[in-house]
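A lone chain, given as structure tokens: the form predicted on its own.
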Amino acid sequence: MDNKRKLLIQSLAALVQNADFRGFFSGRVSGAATKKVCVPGLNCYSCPSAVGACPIGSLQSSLSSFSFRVPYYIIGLLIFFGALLGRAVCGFLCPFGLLQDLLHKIPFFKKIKTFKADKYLRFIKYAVLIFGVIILPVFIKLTPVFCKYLCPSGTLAGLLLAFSDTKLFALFGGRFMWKACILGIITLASVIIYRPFCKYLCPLGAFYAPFNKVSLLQIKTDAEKCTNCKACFRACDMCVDPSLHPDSTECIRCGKCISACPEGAIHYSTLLSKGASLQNNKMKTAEVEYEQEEKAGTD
């Protein structure tokens, strides 16, 4: 998929999730009735134009409430999005992912694609999900730890509200300044490194990651066409090699590998067609083995 088409889909998804622009003029959070429904990506409930609820924020609110109840609806919705799209949610439907993509387009004398600690830092997002989103909010009541101390999307929403109503700036305290520093670091890092928040910190990406192996939407590599030229790997900003690991938990299904492949060996597929393809390959292998055994018996 070319970058223009991908950017168009991302922009439309961001606009749909932030369709109530009245908040920017009133300085108030949108009270749309649709905010009872969680959106698939990271989009803060407090954004002036948000018309949906952030799944991470909703999950934390349920877990940290005094009247604890298992949030079946929120977990079920996240599982639905994951089973359907996997991390394509990150690649196409997340507004904060779009912001990072736009920031990375800003020219800089040296872009960093990978470094020694990169593969180890990617495990942090799982720790953020387990401890910051699930465990700590359960034990520390009324404290959505991730939203309160880490979430850059929430900080951005706060700034947008304050610009809509400048009186709100007087309410910003030390905790907001801490979060503003985190947002600033992620913003600067996004110019140099592709999607640093998605790679290293996002608990939503950590939740969707395992679904890449079982989601309906897949990326398939045709082994017969693949020449192992590694053009797909060089094109991938997430540093995934789709010729070897098309279902990698780090793949955000952006389609850059598809556009980069000179042989047309990589394409979008579904889990069902992937299963059928594997079955066909097994049948072909069995036929070849049978022919070889028959030939050996004749000799």
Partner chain sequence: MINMWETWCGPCVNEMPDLQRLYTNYKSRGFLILGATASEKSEIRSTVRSLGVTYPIIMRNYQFNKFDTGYVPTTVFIDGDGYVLSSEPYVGGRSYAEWERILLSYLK
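Since the model is a prediction, treat every value here as computed from it, not as a measurement. Residue numbers count along the first chain shown, from 1.
One more form of this protein should be noted, the form predicted together with the partner chain, which is absent from this view; the next part is about it.
- Just one of G82, P196, P152, P144 comes within 4.5 Å of the partner chain in the predicted bound form, counting any heavy atom, and that one is P144.
- Only one of L168, L77, V191, I130 comes within 4.5 Å of the partner chain in the predicted bound form through a heavy atom, and that residue is L168.
- Screening 253-261, 226-234, 53-61, 239-247 for residues having heavy atoms within 4.5 Å of the partner chain in the predicted bound form returns a single hit, 53-61.
- The candidate site formed by V29, Y45 and R175 is fully in contact with the partner chain in the predicted bound form, as each residue has a non-hydrogen atom within 4.5 angstroms of it.
- Using a 4.5 angstroms threshold between heavy atoms, K113 stays clear of the partner chain in the predicted bound form.
- Looking at S65, you'd find a heavy atom of it within 4.5 angstroms of the partner chain in the predicted bound form.
- The closest non-hydrogen atom of H104 lies beyond 4.5 Å of the partner chain in the predicted bound form.
- In the predicted bound form, the partner chain sits beyond 4.5 Å of every heavy atom of K213.
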